[in-house]
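Shown here is one chain on its own, the form predicted alone, set out as C-alpha cells.
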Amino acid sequence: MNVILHRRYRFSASHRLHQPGWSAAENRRVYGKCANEHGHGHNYVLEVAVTGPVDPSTGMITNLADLDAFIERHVLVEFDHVYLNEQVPAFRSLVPTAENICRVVYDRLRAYPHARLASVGLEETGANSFEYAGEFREKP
C-alpha cells in the first residue's frame, strides 16, 4: 500500500523578476510590478509530497522528524529571509519565479532517502500557487 504524505513549511523571501538582457520597459511589460528594481517579498507556503509504502512496524511512510530536518537543511536554511536573486546561487542565473522556485526546491529534495518525492507545491499569494512533479515524459 502506497500513501502520499503532504507536509507544509513556511518561509519568507524577497525577489525581483527581471531578465538582465531585456530593457526596463520589456521587463515591466512581462513581469509588471514584480520587475520593481528594489524587489518585493512573499510569505511562501511550501508543500512537499512524498510517497512510498507504509512501514508495517511504524505505520508510517517516513518519520516526520527526518523529513523536517532534511527540508530545513536543504531548503529553509538557505531560502528563509533572503533576497533570492543574490543569496541563493541557483537564482543568480535563473529568474526566481514561483515556477522556478518549485523546480529548484524539487531538485534539492529528490535525494530524500526515506521516501520518494512526489511533488513540490508553492503558494506565493492567496491567489497564486504552483506544483511541480518532475519532468513530464510521454509514455512510449
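One-based numbering along the sequence shown. This is a predicted model, so every value here is computed, not measured.
The form predicted together with a further copy of the same chain is left out here; the points below concern that form.
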| property | result |
| --- | --- |
| is_contact(D80, a further copy of the same chain) in the predicted complex, heavy atom dist at most 4.5 Å | yes |
| Contact flag, H42 vs a further copy of the same chain in the predicted complex, heavy atom cut 4.5 Å | yes |
| is_contact(P53, a further copy of the same chain) in the predicted complex, heavy atom dist at most 4.5 Å | yes |
| Interface membership of V105, a further copy of the same chain in the predicted complex, 4.5 Å heavy atom rule | no |
| Residues of stretch 96 to 111 in contact with a further copy of the same chain in the predicted complex (4.5 Å, non-hydrogen atom) | T97, E99, N100 |
